[in-house]
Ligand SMILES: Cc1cc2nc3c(=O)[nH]c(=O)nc-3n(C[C@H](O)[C@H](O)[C@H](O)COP(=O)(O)OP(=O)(O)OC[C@H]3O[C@@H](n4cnc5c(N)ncnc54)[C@H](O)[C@@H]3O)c2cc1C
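Coming up is one lone chain in structure tokens, specifically the form predicted alone.
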């Protein structure tokens, strides 16, 4: 356990704004979490942080930031078809995906190169290119902040939704995730359903390999797509997609289609890419639409105002130049929101955790 005071958070969050924490504690062992919770000096105004890749600190933090940096991947159960692994919450998600692919286990290869930790992945219920965290999830362990007790949550108790879990709102600042159990398949079955206005996963796979494609091919194809769409957060201030894809009614969709005829839409429960005539849409009154598409139609792709702008490859990705302030970032994002509201009567919600 490393305890630092008046600590700069510049390299501890996505946008690299130079603010400070009154106290910063790096946790490498689970038992140290309980020690911090039992210490009145540190447990007041406590904020838990993963790798900070989806966070924007707007000002100095007056309390204690606890960064979970526990590491380890262990096999806890397996049979001929599947394997269950226990991953420490501080383990890199991208590193875990690479571990799974290198060992021939499928189910997460389309979520390659997503920044952040495994624990944060559970909170966010991350998803990408047709694969969803909740689909491989088994259970997780937490420490209750008030009591220091260890509690287990199964899939139902986590209440996963689109970029959502019970830990994001209802149980925010109540529990600290310590371990996550995921179940992977021992086969090379891959999901190639992803498509967008710029191409598909099948198109990318055809550039790098020949069918039948395997999980290594899928992981490589997704990595290439993500490297084109998203800048490297370690080199430039960015958290990837700044806003969530909005959920709208089918009636609202009809109105949007009059302005943007070819806009894609998806089911609201998981990240998937069914055809418009898929039965999934018949029984739902709501759909998701891509926020990036709306923003691009309004000229936000590659647009800059001062030291804040969007990626030339993806209008949903807000990025910064050195020296950009939190206020400049927030002002830029607010202009994006206002444009979408004015043009489409849709309220965008930040995906980034703004503190």
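Numbering follows the first chain given and starts at 1. Only a predicted model underlies this, so the values are computations on that prediction, with no experimental measurement involved.
Omitted from view is the form predicted in complex with this ligand, to which the following refers.
- Among residues of the shown chain, residue 128 is one whose heavy atoms approach this ligand to within 4.5 Å in the model of the complex.
- Although the partner is absent here, residue 54 sits close enough that one of its heavy atoms falls within 4.5 Å of this ligand in the model of the complex.
- This ligand is not drawn, but in the model of the complex it has a heavy atom within 4.5 Å of residue 163.
- In the model of the complex, this ligand sits beyond 4.5 Å of every heavy atom of residue 104.
- Each of 89, 233 and 239 comes within 4.5 Å of this ligand in the model of the complex, counting any heavy atom.
- Distance criterion of 4.5 Å from any heavy atom to this ligand in the model of the complex singles out 120 from the list 218, 108, 182, 120.
- A heavy atom within 4.5 Å of this ligand in the model of the complex is found for exactly one of 319, 294, 316, 49: 49.
- Looking at 148-156, 252-260, 71-79, 171-179, the stretch with residues near this ligand in the model of the complex, meaning non-hydrogen atoms within 4.5 angstroms, turns out to be 171-179.
- Within 4.5 angstroms of this ligand in the model of the complex, the stretch 289-314 places no non-hydrogen atom at all.
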